[in-house]
Structures are given as C-alpha cells and as structure tokens.
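The chain that follows stands alone, in the form predicted on its own, written as structure tokens.
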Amino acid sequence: MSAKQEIILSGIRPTGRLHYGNYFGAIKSFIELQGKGHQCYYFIADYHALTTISERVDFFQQTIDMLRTYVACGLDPAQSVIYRQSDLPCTAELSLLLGMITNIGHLERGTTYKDKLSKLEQGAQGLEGNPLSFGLLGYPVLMAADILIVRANQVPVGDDQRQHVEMAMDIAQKFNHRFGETLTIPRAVQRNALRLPGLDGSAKMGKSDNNTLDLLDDPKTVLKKIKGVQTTTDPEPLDTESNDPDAVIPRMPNSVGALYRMLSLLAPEEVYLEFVGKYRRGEKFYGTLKTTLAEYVSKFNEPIIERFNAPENTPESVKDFLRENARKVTPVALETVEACREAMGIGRSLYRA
C-alpha cells in the first residue's frame, strides 16, 4: 500500500431495493471514489440494522439484493472491498473494548438517540421495535469500531452522520491518550451527496415513507408512481430568472419540486429548461412533465435492470465476493483489535495466536 494512499470507509444499511435517493446520496460518490487510487472499504451494516427491530427481518436476502444493485450501478468488487459487518465479528469485540472508556452522557447526546427519545416522550406513533434499546444507545460506539478497525483516514458522511464520526474521533483520541498511540484518528469529509425530496413532497426520499422511485422499477411502475404525484396546485410564476435547480425548485410546491429535481438530474439541460419556462409562464403542463420524466427514469433504469439480471450478477456470485472480501479485511481488523487488547493490558488473544 502506498504511503500516500488514503483509506476510505463508508457503511450501507441493508435496505434491499435501492432508490434514487440512495443513488444520488451515496452510490454515485462510491463509484467515483473507486477509481481515484484510494483503498475503499464499504461495509453492509447489518448489526446496525438490528438496533430497533421487534421481529425477524431477512437482512441477509436484503443484503444480497442490494449488493446486486450496487454492482449493476457500477460499483466494482475488484476495486472496492465490500464486506458484511457481521462477517467481521471482531468488530463487536472492538466495540466492547471501546465501550469501556465511553461515557454514558456522551452517548445520550447522540442525535439518533435524542431524536427517538424525544419522539417517545411526545407520544409519537409508529416507533418501530424498541426505540430506546441498548443497541441504539451504543450505536456510536459500534460505528466507531467500524471506522477504527480498518484504520480509516476518511469517512464520507452527510450532515446527519457527521456527529457520529466526530464521536469516533473523540473515542480514538481518548483511547490513545490513556493507552498510547494505537488507533488511527479518522476525519469526517463532506460527502458529495444530494438529498432528493420524496414523491409525496416530503424533504427526503425514503423506503419507510413509501415515497421512492426505485432503481429496479420497470417502466409501468415508474409511470404509475410519477402519475400519482400530487400536482393539484396550479403553477405560479417564479420570481427568479435563475435556471439553477437549487434556486428554482424551492419556489415550487414540494411534490412538484420533486419532479423538477429528478428532471434536472436525468434529462438534458434543454429539456429541463423548457419545463422551467413553462412553469415560469404559468402554463398547465403537468401531464407532459410526468410522462417526459417517466421516460428519462425508465431510460436510466434500463441498463441497471439489465446488469442486475446478468448471468454473472447472481446471488451466488455476490456471496463469493463477500467471502473473498471478508478474507481481505480480516487481517487488518484483527491486528487493530489485538493492538487494542495489548494496549489496555489484557494481552493478545491466545485463541487467535
């Protein structure tokens, strides 16, 4: 490994079917990073997915389906090390060791925990599983273990996860201060990501909100979803001359803005500008807008669906590269855990020696 080579880590929750929010929020940047000479580790956060469940979920099958989609989108398992969190059980051991030096008050300030606690106190409905589980409270420690175990230098994150990386930095610094320089101090880097609004007009496209366009949707499904977007508000003239989506879209009703955001990402600029002009002039055109957008979404999905179903992109092939990549990352991870054990004074594992 080159001395200048940066180690980059990012985690992916096993959600099964992936949507456009996933693509422009993470997948696109993962693909761009893999060709830039970095050592990229991408792990499937199946342990993290267990923090609030109340019944069995087939996360393994969701992982396989999701990874087949990643490969179909262009992520190359030969260039990036993609592994399951649970295939690296020493991560749980490192989480235990790090938990020994992590203050409860520090964890209670975690945004994810505070958000669930606030909703519970307000009597919010629909909170899944146990919203205040030990797993949820300790989520930042396990995430710190994920980051520190591969000695990551960079962790690309959105604003919602930046605090967790900062907590990992704090934990690593505390460990090194107490036990000597053992852990690599990571740094959070802003992920070049775009948060897509949901088709229902909400701020974020998300599977749990049933407001997504999926990367594996066929043309019939795409058209049905887009035609179902609420566009009952008549267009109102825009008070800006800008054609920048970041300037134009916030001035539109939320669900209409979702359509325009997708159009700005998938259609040629002249097509997008033509519809901005129609909106600016207050014309009625929603039917044409929806069918045009559906065409571009289906055109984008077509090669992804084809590669998803390719003979070489089977569930068995995904299992094979998960096995191989787990073998690649395990020596690095075990050396980190053993170094921490030795630094803390319990010594290296006799079982693994």
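Just so it is clear, the structure is predicted and the values come from calculations on it, not from any experiment. Quick note: we count residues from 1 along the sequence shown, nothing fancier.
Keep in mind that the form predicted in complex with ligand AMP is missing from the display, and what follows is about it.
Contact annotation: Ala26 falls within 4.5 Å of ligand AMP in the predicted complex, judged by heavy atom distances.
The shortest heavy atom separation between Leu98 and ligand AMP in the predicted complex exceeds 4.5 Å. Although the partner is absent here, His106 lies well away from ligand AMP in the predicted complex, with no heavy atom inside 4.5 Å. At least one heavy atom of Lys204 is located within 4.5 Å of ligand AMP in the predicted complex.
Only one of Pro219, Pro253, Gly74, Gly158 lies close to ligand AMP in the predicted complex, with a heavy atom inside 4.5 Å, and it is Gly158. Only one of Ile249, Leu223, Leu194, Ala172 comes within 4.5 Å of ligand AMP in the predicted complex through a heavy atom, and that residue is Leu194. Residue heavy atoms within 4.5 Å of ligand AMP in the predicted complex occur in exactly one stretch of 239 to 247, 259 to 267, 178 to 186, 150 to 158, and that stretch is 150 to 158. In sequence order, Gly11, Ile12, Arg13, His19, Gly21, Asn22, Gly25, Ala26 are the residues of 9 to 32 having a heavy atom within 4.5 Å of ligand AMP in the predicted complex; the partner itself is omitted from this view.
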